[in-house]
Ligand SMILES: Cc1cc2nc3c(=O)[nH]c(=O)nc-3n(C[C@H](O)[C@H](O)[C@H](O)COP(=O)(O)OP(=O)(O)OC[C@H]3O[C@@H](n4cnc5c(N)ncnc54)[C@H](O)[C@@H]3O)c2cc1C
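Given next, in structure tokens, is a single chain: the form predicted on its own.
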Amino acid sequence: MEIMQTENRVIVSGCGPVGAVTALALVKKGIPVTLIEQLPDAAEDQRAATIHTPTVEMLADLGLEKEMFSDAPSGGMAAPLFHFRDRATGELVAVFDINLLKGEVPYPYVVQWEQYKLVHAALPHIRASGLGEVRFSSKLIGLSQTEDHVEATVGNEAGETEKLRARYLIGTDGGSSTVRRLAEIAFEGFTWPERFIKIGTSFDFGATGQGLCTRNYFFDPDEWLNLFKVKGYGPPGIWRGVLPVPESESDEEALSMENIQRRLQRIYQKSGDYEIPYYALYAVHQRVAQTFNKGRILLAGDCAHVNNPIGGMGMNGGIHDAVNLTEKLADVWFGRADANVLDRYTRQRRTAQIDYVQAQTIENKRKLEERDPAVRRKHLDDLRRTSEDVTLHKKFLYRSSLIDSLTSANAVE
């Protein structure tokens, strides 16, 4: 086993969007980074895609504005509007417009930009910095720390192992995090009894005359729906539907083409089958790590917290972690702050998760699936009134866009 003695760096474990942003932010601050990923390349998975307005600003500040707003398929789509609809009646309940925040925020819209495109945009900047090393096919299999360094045991596809030393290691390796497990950090919360299914289709729901915008939320006590559009690999783009799968339906039933087509035909009945480039079934959790820092081991993104995807808050919260953490770590690195400032990172970002993201995403799900007709009607009426009152409309946008979450968390001492 080879032991690499270089210690003057940070290891980032996991090359998803949060890992890529963390590594980019660190090299921008002059801190050497080794980014490791067990896969042979950055995964082109079809998970998160919504970049909320404060996150757009963060990515632009990191030098990714050109890539994010590229007209090419690798770029994103600005989307200021989102709709709430009653699926049973087809009623358009409320329209929210982030353009109302123009003059108050630099980017008054979300950007629909698939997470794998963000990763592929960040990697060239990391490599070009001269401070960033990216290692694929490098699986973390062991982890220990002392008072002054972290030692990571990494294996490759050939079965060879080596030890990498660093001053800090940041886990950004997802909800089933190896870093969190090896650091023995509890992951507190629960798992929803039902699963979610995500289905992508190249069929253009925007051309069906239903008046859909780029982001649509459908209330339905039997089968709620989130329906969003992304660029995909180019025209006509991809529409992505997220729907619940009840406990009574087996994985095999849910993933059968018959049931996938049935779910799409219920969105819009058309002749012939839908073309489906991808689909996936997954368990859904609401969990937060007991701490986001343990000595020289730090957690960010899904490694530190997971939530249901209704509202598009998971990846955004992870990127907010990355920006907060790298600012504090740079202060420690260059002697501007004591290491206990990393305790404040945990306090701030756990507050953002527990008080905002966890609470909001649980509330989002429960309202979409509300079964009591009277309670459901009241919620729809309240939502409409909120959208029609400018003050309430803006207040809703500040919360749903995670602006309030950032402001409140950053005030925590």
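Note that residue numbering follows the sequence shown and begins at 1. It should be emphasised that the depicted structure is a prediction, and the values quoted were computed from it without experimental measurement.
This next part talks about the form predicted in complex with this ligand, which is not shown.
Put simply, of Q358, T34, Q348, T50 only one has a heavy atom within 4.5 Å of this ligand in the predicted complex, and it is T50. Residue in contact with this ligand in the predicted complex (any heavy atom within 4.5 Å), chosen from I276, V332, V242, C213: V242. Under a 4.5 angstroms non-hydrogen atom cutoff, this ligand in the predicted complex lacks T201 among its neighbouring residues. This ligand in the predicted complex comes within 4.5 Å of no heavy atom belonging to G76. Among residues of the shown chain, V18 is one whose heavy atoms approach this ligand to within 4.5 Å in the predicted complex. Proximity of N364 to this ligand in the predicted complex: non-hydrogen atoms within 4.5 Å are absent; the residue sits far from the partner. Residues placing heavy atoms within 4.5 Å of this ligand in the predicted complex fall in a single listed stretch, namely 312-320, out of 253-261, 92-100, 312-320, 183-191. Within 4.5 angstroms of this ligand in the predicted complex, the stretch 152-180 places a non-hydrogen atom from each of T172, D173, G174, T178, taken in sequence order.
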